[in-house]
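First, one chain by itself: the form predicted alone, in structure tokens.
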Amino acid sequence: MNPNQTAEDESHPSITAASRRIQRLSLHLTPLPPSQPSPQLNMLTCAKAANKLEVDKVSLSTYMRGENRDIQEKIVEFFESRPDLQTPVGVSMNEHRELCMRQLVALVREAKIKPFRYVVDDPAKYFAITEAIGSIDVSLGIKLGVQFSLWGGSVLNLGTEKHRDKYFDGIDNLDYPGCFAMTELHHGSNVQGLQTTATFDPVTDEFIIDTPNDGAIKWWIGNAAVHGKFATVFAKLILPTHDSRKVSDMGVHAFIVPIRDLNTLQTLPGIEIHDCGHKVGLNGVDNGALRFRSVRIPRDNLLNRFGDVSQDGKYTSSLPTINKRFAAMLGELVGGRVGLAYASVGFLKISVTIAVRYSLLRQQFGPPEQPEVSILDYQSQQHKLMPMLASSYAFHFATQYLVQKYSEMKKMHDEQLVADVHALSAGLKAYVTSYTAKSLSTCREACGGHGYAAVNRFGSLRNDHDIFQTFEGDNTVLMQQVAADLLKQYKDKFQGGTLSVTWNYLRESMNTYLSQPNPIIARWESADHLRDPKFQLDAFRYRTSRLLQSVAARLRKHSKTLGTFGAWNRCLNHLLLLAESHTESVILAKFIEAVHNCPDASSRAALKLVCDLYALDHIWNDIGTYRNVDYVAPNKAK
């Protein structure tokens, strides 16, 4: 009996139960050491101690965060020193929007951190800034991205020197807040289907921007509802002709359109702006809808890097077809997709950190007459959280590689590298954001009722991240792009073509697939073999090659009766599985490479354990596939 418990307490069981509960809760906050040793607990402690790995945390952090660690810490310290710029729980939509704008202005004008300067010249630093900003407030991170990566990036990447000279400083110092007006009410992923028009008038040397119907209203446009003064508007370029057609459609181009007066912020003539209102998340971003009624802009407002119009209405371009111009334009806008993949990893890191730390401190149940144990000691909790922890490391290195390739692309402008980055960013953006979305819910559940409290961030993280699966490309559509590229590489491989960097493993892996699995390797069961990175990566790539060969055969079969579109739709789930498998192979390859390149021995050993968990967990999750072809023998599977 508790010495502090009175006889009166005993006569009231509800009071006794409440006292015990309060005592238990206090132990969660300040756990007490066991009054006497437990043989069971001591045995587990000894087992853990024997295998404990001492890690140099500074070396690991330096290796993971690299040369941009200082600017990230500067951002965090700045916002921690400014309580007036911290986002309160339960902030209203209108207050949140104004707070986000104040936060962005303070970052640029007070902290003197100007992200726009790094968008093209140092993308790695730019994405490091956005990751730190996203940890402060996700809405702020998105608003920053709209201003500098989308609106500003479109001017830098699709415009020419005259546009940079005119707009750079205003975008950089936030005098020119802007929007990226691509998505329409009826067209999102199908950008070539956009209906907004920009008709050239040679008499006045102007373009006339028009919204021909309700379906062409620009929709979900960030910065449009309140703060935007300009918009990069994507529209079909219509030129007058002197033949029976009278006009010629030159395809989708980008135009700078002023939407508000620079001084009064009043909406300009011909512009209609509507507020998209309260959203599931990201309510600090002022999304709006734009309609244009014969809005005239100067001919110079055409962002003319890939196509231009002279004063007499003649069109010129270094690229011969609409499709090639369209591909070049989208290739330059891939930075937004790269940024989303990178930012999504930040969400995963935050949520897994919260869940793991909580699970270490939270105590529930235990051996009879013994103190309760940490819930992270339960196998079920480990199976929930540890694979996600491993994935956060794997995704970190994979998206770092993506940023590196993107940076090379911006410097070299190599056509093959552009195509490679386009496919790699499509796969990683779709895979990482889908995985993170599921993980956010799992982390919330792993923290029980306390995870439901708004202050613990799971709700806001989940709601803010949810749209990551849709914007910058619907994930299902992006994965189909990856599958299509894989099939193209597969076709080129058998026609003697050169495989691009991301797919060069297919040459050897397809040869392996076309032969029978080695019966000796299939039965090796030693820990060293299972932890061998060659075995792990070969298994991932074998699965991808198997899926690629089988879906190619199915497409050939069904296209004879259903046509190309019908065959693709019949095999769609197979194609998505192929794209997912390929992306997992790329992620594991980059993780293995990162482990190998880590200079600190203790950090390398820790990363190797996490990498093994990532690889073996994925192999186990698809063990049926490996068993069906006897790639892994029964005893080895166990």
Ligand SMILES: Cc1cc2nc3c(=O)[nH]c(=O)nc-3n(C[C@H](O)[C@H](O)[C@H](O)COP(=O)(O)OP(=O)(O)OC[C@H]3O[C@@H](n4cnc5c(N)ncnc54)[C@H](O)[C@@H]3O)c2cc1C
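Sequential numbering from 1, following the sequence displayed. Only a predicted model underlies this, so the values are computations on that prediction, with no experimental measurement involved.
Same protein, other form: the form predicted in complex with this ligand, not shown, and the subject of what follows.
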Exercise. Can you check whether V247 is within 4.5 Å of this ligand in the predicted bound form, heavy atom basis?
Worked result: no
For this session: Give a yes/no on whether Y393 approaches this ligand to within 4.5 Å in the predicted bound form, heavy atoms considered.
Result: no
Exercise. At the 4.5 Å heavy atom threshold, is T476 in contact with this ligand in the predicted bound form?
Worked result: yes
For this session: Using a 4.5 Å heavy atom cut-off, state whether D137 contacts this ligand in the predicted bound form.
Result: no
Problem set entry | Partner-proximal stretch of 393-401, 420-428, 463-471, 122-130 relative to this ligand in the predicted bound form, 4.5 angstroms, heavy atom | 463-471
Problem set entry | Site check F180, N287 and L572: each within 4.5 Å of this ligand in the predicted bound form by heavy atom | yes
For this session: Would you mind picking the one in S92, Q86, T204, S189 that has a heavy atom within 4.5 Å of this ligand in the predicted bound form?
Result: S189
Seminar exercise, completed: Students should find that, of K557, R109, R293, K279, the residue having a non-hydrogen atom no more than 4.5 angstroms from this ligand in the predicted bound form is K279
